[in-house]
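Form predicted on its own, single chain, as structure tokens, below.
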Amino acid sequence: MTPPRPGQVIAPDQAPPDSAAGSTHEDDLRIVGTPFRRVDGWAKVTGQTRFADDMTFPRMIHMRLVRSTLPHAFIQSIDTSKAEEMAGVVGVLTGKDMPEPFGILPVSQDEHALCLEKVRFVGDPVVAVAALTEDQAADACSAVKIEYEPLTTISSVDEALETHEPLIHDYGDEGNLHKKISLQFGAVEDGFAEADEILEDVMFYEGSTHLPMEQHAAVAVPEGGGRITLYTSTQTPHYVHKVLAQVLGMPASRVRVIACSVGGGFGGKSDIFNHEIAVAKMALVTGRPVKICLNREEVFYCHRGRHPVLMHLRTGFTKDGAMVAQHLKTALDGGAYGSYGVASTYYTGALQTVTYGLPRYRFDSIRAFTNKPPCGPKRGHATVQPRFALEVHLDKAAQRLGIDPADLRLNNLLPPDSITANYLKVGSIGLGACIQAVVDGSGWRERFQSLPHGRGLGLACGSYLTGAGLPIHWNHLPQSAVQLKLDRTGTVAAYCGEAEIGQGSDSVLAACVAEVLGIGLDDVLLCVGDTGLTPVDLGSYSSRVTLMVGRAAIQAAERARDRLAEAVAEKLDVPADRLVFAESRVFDSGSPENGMPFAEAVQQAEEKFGALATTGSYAPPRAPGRYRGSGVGPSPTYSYSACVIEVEVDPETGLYRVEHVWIAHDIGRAINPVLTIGQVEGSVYMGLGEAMMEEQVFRRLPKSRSSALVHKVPSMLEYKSPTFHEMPPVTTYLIEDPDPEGPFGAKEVGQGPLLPVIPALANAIFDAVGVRIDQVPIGPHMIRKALEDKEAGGDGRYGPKSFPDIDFGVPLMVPTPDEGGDGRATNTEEAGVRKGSGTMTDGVRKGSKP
């Protein structure tokens, strides 16, 4: 078969559905599917884009934070008197000035803008100081004296399991365990009894951080009428707005949050951060604009990155490679605070079922509190770690069963329009075409297991959300909304709360509006990410923006088009359904010369109806699951990816080099193929970084349980990420099978392509030198140790030896669809899901979902 071309858009054999959202027919699309210049591109390449640290205001002062030097301690006293007397100092704040706790999830309200009684990691903020210059503020911070009473430091999941006193927090499921989960779908042990082969693995995935080019920054400006405006580098302006009002004790109508252009987020700016609240409070106290820009070391302390996860995976297979049952156990090191941690814990198991057919499934997990910077969401939120485990596990199964790894995956693909064992509704699946593209492109059939010793190919797959199913704060409101204002000049202003974080969401919004109305991208003016002017959008996370904002934009544009068509049809004396909107005109499809410019059409409609404005909104369909935890994992649709990596390994040193990456992504439809390919290749880059070198790790000084637990690599000198030297050639294939749920059939591309990269590298190393590395990042020393073990008669494996003996409790039993279940837990009293219950059960209040 002829290999596909790099960058080729490939349509699977099946015809696309006629009902793809966005009623414009595929043949009529003018903008969608073409490589257009992103709407914010000119401003960014010419330096006109204003990031948060670029903002300046008259009388602006600067704020710095005093951070804890101990990982776990009571605060005995704080003396700010010397700092207050220093030149230029304008204001000083401590925790008592902002006592209200906060957190991104309703079930984890465990943070304070500044620590009140206790610090929980090195870098926890304790005091805020504002001065006329940033240097003066930094000098004054050095003059603040804080006395601590050290507490025992908990540095790992194992220590959290064995240490019940002191508690890092006074809430959680047990001791220093933040969350415990045990879910079972179907008769798992019966499935294992039917298996011909049972494979068992323990694997570890080290934590990593986001490493955005732009550091966190925020500027707070006090306004007249008791208002405050915060300009900040955030992915979630709506949630920052919500927490600011909560902690500052202000009416939400008096708080305005403007999300500046973000110079890289990757999940690291989707939390609410201490400095955003403290800078707003300082502005209110001083009556002056206040700016804070964190240094790079502080960005490492903010973290909220990838959880370190230890995993135990046990799967039963038939002789032909079909999976009959699986039991996954995960243990997460969550750091010092809750953040998104409850959701992260569920995510380490929730999406294991949406790629391959898995009829019976059990998932157990814990998340531990430790005295490190808190972990949270990073690109592929908490699904990257178990995907690494599963795809390496499948490679081992293929080897044991004598099946080609590509065929094992192709033979296990989940059918489209399925309900998984854990009640996730899956729509279109282009994974088969993805696998075929990278297999053909890489010459897999001819070259796998046939390359010279030291050279190998590895294959892996992945899947991810295209929009989270439930909002963080449970409600029935739309999750995205768009308002359009049509001007007599022919310009259309689009208002939306979405946050542009570099992924191209502004371009998606403009393209959807322009496509429906038949105008140019330059005729769409955007007002985005401003809680004072735009309708609510929940934020740039869970790959939700393209689908949700796109659907809302299309609805608003179609409503505007219908209003225009009614007025123009009357003027031209033609039926409205014969009108075409294209090339900034509205005209009769049967007689194209009979028409008018778009601007004149707007004037006709305004004359008939008055000022023109329309709205559109989107809320995802409800998923079928009805058990505790079912709110994590549902998505309107899922994306799929497949990757083949070629690697060269030096057996003498363990040093290796990635020679080529072939990756295919099921995009549904590419709104802009160039932006899409850029997102895919960005995922490849980040995935290789995690696979090869990136790790957020810590060390004790000196070695005692109450000593400082400090960041081992708190700068870009020590924290290693790939450079141009390490980045290999990448061949990208876009698989288009328009999905009914997506705008014009589009799915996500920002996160999913990262997932298969890491296990593909591990599998390629095995093909090259015959050893298994069951943890990441994969260092050359690990390969050497595995080779030495193999030479000594061992199994040639490097990785964790065992999984701790954890009491996960009695599993919540949920019948699978195959067993005729309705998705409701059989022990609902323990699940805390009694209808109408308003009591606290497992830390979940009525009105919120985990």
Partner chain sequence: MMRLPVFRLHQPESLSDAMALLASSDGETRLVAGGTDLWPNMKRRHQSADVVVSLNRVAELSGIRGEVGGEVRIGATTTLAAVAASPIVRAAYPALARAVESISSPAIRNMATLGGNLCLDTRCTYYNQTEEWRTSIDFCLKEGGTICWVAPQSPRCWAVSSSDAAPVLCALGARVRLLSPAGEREVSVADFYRDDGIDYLTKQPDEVLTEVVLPPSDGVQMSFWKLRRRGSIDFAVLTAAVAVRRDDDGVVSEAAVWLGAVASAPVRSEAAEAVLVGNALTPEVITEAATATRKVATPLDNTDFTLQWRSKMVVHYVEAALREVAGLERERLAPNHAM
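Positions refer to the first chain, counted from 1. Quick caveat, the model's predicted, so the values are computed rather than measured.
Heads up, the form predicted together with the partner chain isn't pictured, but that's what we're talking about next.
Quick one: does His725 come within 4.5 Å of the partner chain in the model of the complex, counting heavy atoms only?
Heavy-atom contact with the partner chain at 4.5 Å: present for His725.
Against the partner chain in the model of the complex, would Glu788 count as a contact residue? Criterion: heavy atoms within 4.5 Å.
Yes, Glu788 sits close enough to the partner chain in the model of the complex that at least one of its heavy atoms falls within 4.5 Å.
Does Tyr239 reach the partner chain in the model of the complex, with heavy atoms at most 4.5 Å apart?
Tyr239 lies outside the contact set for the partner chain.
Using the partner position in the model of the complex, report whether Pro780 sits within 4.5 Å of the partner chain, counting heavy atoms only.
Answer yes; at least one heavy atom of Pro780 falls within 4.5 Å of the partner chain in the model of the complex.
Any idea which of 321-329, 611-619, 654-662, 473-481 reaches within 4.5 Å of the partner chain in the model of the complex, heavy atoms considered?
Among the candidates, contact is made by 654-662.
Looking at Phe102, Tyr627, Tyr301, Tyr495 here, can you tell me which has any non-hydrogen atom within 4.5 angstroms of the partner chain in the model of the complex?
Contact residue from the list: Tyr301.
From the list Val90, Val713, Ile78, Val574, which entry has a heavy atom within 4.5 Å of the partner chain in the model of the complex?
By the 4.5 Å criterion, the partner-contacting residue is Val713.
Taking a heavy atom within 4.5 Å as contact, would all three of Arg50, Asn411 and Val680 count as contacting the partner chain in the model of the complex?
No: none of Arg50, Asn411 and Val680 comes within 4.5 Å of the partner chain in the model of the complex.
Could you pull out the residues of 134-161 that have any heavy atom within 4.5 Å of the partner chain in the model of the complex?
Sequence-ordered list: Glu134, Asp135.
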